[in-house]
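Below you'll find only one chain, the form predicted alone, shown as structure tokens.
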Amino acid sequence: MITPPSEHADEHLPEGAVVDGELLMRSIDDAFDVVVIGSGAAGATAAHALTEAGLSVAIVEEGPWMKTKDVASDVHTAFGRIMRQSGMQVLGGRAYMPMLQGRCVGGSTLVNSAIAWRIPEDVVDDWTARFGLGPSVSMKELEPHFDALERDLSVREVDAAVLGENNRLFVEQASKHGFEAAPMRRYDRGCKGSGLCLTGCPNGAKQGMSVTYVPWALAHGARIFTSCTALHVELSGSRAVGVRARSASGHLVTIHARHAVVVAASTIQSPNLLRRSGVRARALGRHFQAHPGLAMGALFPTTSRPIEMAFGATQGAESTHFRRTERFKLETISLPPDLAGARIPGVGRELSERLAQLAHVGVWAAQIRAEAEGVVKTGWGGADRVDFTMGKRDLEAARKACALIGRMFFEAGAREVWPGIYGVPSVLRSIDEVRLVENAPLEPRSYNFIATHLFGAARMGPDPRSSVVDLDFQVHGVDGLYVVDSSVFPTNLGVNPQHSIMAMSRLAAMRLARTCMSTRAIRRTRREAS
């Protein structure tokens, strides 16, 4: 396998491998064996596997390519360039919930924390029991792909040298509470602890898709069309035959697919793209799930050891102890000053005094394995829209997680804890006041949730009446049209999904590659016979 030095992998590409839709001056009409829509975790993994199998591949990416040398450290600049709607996209429902999605080469892998969790075995068992996925999607089928990903992308535990105080303190307090916590396993090739995962790694050490599988696929002969929005998949009868896109400069990009179109546009965009392409599955857009997350901050005495969130792994420690029983996962997150400022209570002099003590602020978080389901649909003007409202049990899990974080912070020595929950004081000053969190309202609008892990709006299953894709990831009733992102997951996972998304995509791509190569061999035999 071609593995260029990771820090420079997005800088040295074959001539003609990148078509920049912002600079495109004419319409394009081209043809490839497979067209992949999306260059995030799912799309890049599929493209790389398909090119390694000897197929010609085109990647269509709606956003730009942010090279390592151009990564901006301030949130406003970074989000404006590489996040969908500059990070202002929201889930609708009883309460608006911000929903963060990368819109760039590499997708959300450019701006996430590169956390690598294999899909829990109990989740796979549930998919088999309730949704009929086994044995096509099983741990036995997925393990070789997890193994390959971990070799390719240097999955390892956060090094102690870059763990950072925010992470170290969390692990220490979890141990005192009697539950297991540990440094995270991440896609990491030489993390320097810059604390800037959320705006893009300035050192190219985080093994996101823009410095790994995308350039490696291009080195194998793939071509990427950046800043080109996929309008629809072209169908001929019941077969996918290509993709129609429009460049940021306004030109039409038509890419014919000799064998297949692979959709990896995300849980939100993939269902609506399928709709625009004429897919009318009953389950399309339904069964959307998420891991709503929320964070709490704490201020430690200036006489104590500084937290210094500016140094260390952005997210370096976690606990899945409560994933199955209470349906939440605890983790750390270091926020840059322009995001941390939004979580600090107070105005005027009070706020200024807290900002001046930012080096002594820690932030810990919980992601909720929500049971609620929502709907992905098309809104006004063709915009993507999601309706999603958390249920009572989900809110009880969130409240319990917040109370636990509050107690842990005080026991670690915090002098203030900031719950960020409506109906609860904005500043808690003693562990006794955590009882106010324990009695917080069970109302979605009372919490500052944010959604980053999205699942299920093009669910996989054997029955076309209740699913969108079959057990080989092909859309029911449409030959040559595949979906490989987390929209095919029947449920959420309770752990960070990138690793599982990539393993599922690689499994799908390898199966597709075998089908394509077999078809190619049959066609060659027929030509020779004639």
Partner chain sequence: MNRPRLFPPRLAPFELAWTDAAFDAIYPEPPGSALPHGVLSMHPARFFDGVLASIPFEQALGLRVTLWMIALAPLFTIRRLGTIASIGPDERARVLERLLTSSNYFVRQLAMSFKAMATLLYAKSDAVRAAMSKPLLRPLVLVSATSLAAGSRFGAPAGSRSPRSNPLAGGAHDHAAE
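Small disclaimer: the values here were computed from a predicted structure and weren't measured. Residue numbers count along the first chain shown, from 1.
Keep in mind that the form predicted in complex with the partner chain is not shown, yet the notes after this line are about it.
- With the partner left out here, the partner chain still marks one of 80-88, 215-223, 391-399, 166-174 in the model of the complex; by a 4.5 Å heavy atom cut-off that stretch is 80-88.
- When you look in the model of the complex, the only residue of 414, 119, 184, 344 with a non-hydrogen atom within 4.5 Å of the partner chain is 344.
- The single contact residue among 190, 202, 132, 420, judged by any heavy atom lying within 4.5 Å of the partner chain in the model of the complex, is 420.
- Contact annotation for residue 429: at least one heavy atom lies within 4.5 Å of the partner chain in the model of the complex.
- The shortest heavy atom separation between residue 236 and the partner chain in the model of the complex exceeds 4.5 Å.
- Shown alone here, residue 325 lies farther than 4.5 Å from the partner chain in the model of the complex, counting heavy atoms only.
- Remark: residue 358 counts among the residues lining the partner chain in the model of the complex, judged by a heavy atom distance of 4.5 Å or less.
- Contact with the partner chain in the model of the complex, defined as a heavy atom within 4.5 Å, is made by all three of 96, 353 and 433.
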